[in-house]
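What follows is a single chain, given as structure tokens, in the form predicted on its own.
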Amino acid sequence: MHGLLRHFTGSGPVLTDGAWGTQLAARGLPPGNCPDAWNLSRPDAVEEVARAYVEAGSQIILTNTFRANRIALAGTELADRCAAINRAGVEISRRAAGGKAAVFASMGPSGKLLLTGEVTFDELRDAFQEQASSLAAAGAEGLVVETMADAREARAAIEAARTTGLAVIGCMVFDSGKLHDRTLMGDTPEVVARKLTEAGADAIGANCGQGVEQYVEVCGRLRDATDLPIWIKPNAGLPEIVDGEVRYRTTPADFAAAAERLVDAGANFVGGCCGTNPEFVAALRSRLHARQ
């Protein structure tokens, strides 16, 4: 286990942060716009999100760099600004953390499919290598490869991230199959555990795609399949369109109560994804502290 992760997991479950995209949208990010661009144009708003999570009790916060790789941004006005976006994303989260939380940088998918030949493995690894190097140089303490649907793409990102020497977490989305316990490519939690471990991840897990209740079983199956730490960040349920707006029905209290079952199932790092906010983190903190 990477030394930094050993430090964190030595005293019980670790509280991470919540959603970023929906929080930036609440601050005026127009639908369809790239959140990462705000690292350069609206750093104040991005820092508000990060600081709110620190104040709510997050021990680890991420960065607003989910799409900041050159494949995802190809063809946009941001294509030649990847390094600047990544650097700013880390700097913003570090300012907000103020030494009270660690900063792990977010690395999301490329948006291209290996299966159809839209991109090659080497092209992915090179793009992720550029991103990981920028994030590490800016002072990130760990790298989180998240929201991956294809374990091969996750492998490319993990291999690239490992060259930095930082702690690397690899997370897949499980929302497919009859029981919604498989990735888009059909991998089960057991297969994902093997593949991400072989890729060199220091911790593995799941995020997005489903609500907290649905991820309890996935978490338990990952725990049974690996000795690595488990990182879980579920959504606040599934989104619904109400009066033209996207809403999530799960409340912070209900989320926190269900998250206790994630810990019982073996989760070492717990937070939230789409639809969650600092209130969810605060509720998690209260429930997790009560267990100690």
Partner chain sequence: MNDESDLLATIAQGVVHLDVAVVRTSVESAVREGISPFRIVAEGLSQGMRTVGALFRDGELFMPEVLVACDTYYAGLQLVQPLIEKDNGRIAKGKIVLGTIHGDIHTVGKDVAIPVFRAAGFDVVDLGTDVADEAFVEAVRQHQPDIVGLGTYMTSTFMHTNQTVEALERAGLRGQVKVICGGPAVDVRAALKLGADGATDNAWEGVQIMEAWMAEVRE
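Residue numbers count along the first chain shown, from 1. Note that the structure is predicted; figures quoted are calculated from it, not measured.
In what follows, reference is made to the form predicted in complex with its partner chain, a form of this protein that is not presented.
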| query | finding |
| --- | --- |
| Any non-hydrogen atom of residue 166 within 4.5 angstroms of its partner chain in the predicted complex | no |
| Contact label in the predicted complex: residue 185 to its partner chain, heavy atom within 4.5 Å | yes |
| Non-hydrogen atom contact residue 198 with its partner chain in the predicted complex at 4.5 angstroms | no |
| Contact flag, residue 210 vs its partner chain in the predicted complex, heavy atom cut 4.5 Å | no |
| Contact assignment for its partner chain in the predicted complex, among 43, 57, 266, 239, heavy atom within 4.5 Å | 239 |
| Interface stretch in the predicted complex with its partner chain - options 106-114, 190-198, 124-132, 217-225, non-hydrogen atom within 4.5 Å | 106-114 |
| Any residue of 28-67 that, in the predicted complex, places a heavy atom within 4.5 Å of its partner chain | 30, 31, 32, 33, 67 |
